[in-house]
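Listed next as structure tokens is one chain, alone, in the form predicted on its own.
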């Protein structure tokens, strides 16, 4: 199995899969998804690097049983101490996470907290995917220089409608507007992304990959979907 170094993850387009809190992606199910991706990529040079974001309770489990890039679905910039009920950046790293997803439309945080988490993650040498649901918000968070800015129109999340199918030219406009603010921003496209064709269209139009969830986790045949995405 190929090891994914820090440089490789940033230089090759990514497919980031957010497992959210679906029952289909909890515990052993999460392991099966991660191992299926690893198996597909064995003995070949993958076009896309995988990222998987399990529930916090499963991070250590996946880190021990797989070599895939594991991201936490959220974390706080607190130090060790009296922070009952929170998952902190340092603990996520200790559990085996290589990065974080923050500011998802289902877990929004204020701009100052976004900056704090990105700063804390950089100190721990962890990646950050920072989500935004509008171009203006994407431009704002890009100023904090996360490793990836993921733009996800909330009206398309969990639907069968993707930007790639509906308006691929819009991807070019999004990329251009974000990179006008941060010229080297790495941009992921999310919401409604389900197929390898969707992914290829996003990358062809300037994105550095995609962020998806239900297109994998809620699929009737998860293995078939993963093979299409990564094969």
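Positions refer to the first chain, counted from 1. The structure displayed is predicted, hence computed values, not measured ones.
As for the form predicted in complex with another copy of the chain, it is not shown, yet the points below apply to it.
Proximity of residue 107 to another copy of the chain in the predicted complex falls within the 4.5 Å heavy atom cutoff. Using a 4.5 angstroms limit between non-hydrogen atoms, residue 198 is distant from another copy of the chain in the predicted complex.
Put simply, residue 133 is close to another copy of the chain in the predicted complex: some heavy atom of it is within 4.5 Å. Residue contact check for residue 92: one or more of its heavy atoms lie within 4.5 Å of another copy of the chain in the predicted complex. Stretch 56-64 is the contacting one of 199-207, 161-169, 56-64, 185-193, since its residues have non-hydrogen atoms within 4.5 Å of another copy of the chain in the predicted complex.
Just one of 151, 129, 121, 141 comes within 4.5 Å of another copy of the chain in the predicted complex, counting any heavy atom, and that one is 141. Taking another copy of the chain as it sits in the predicted complex, the stretch 179-199 comes within 4.5 angstroms of it through a non-hydrogen atom at 180, 181.
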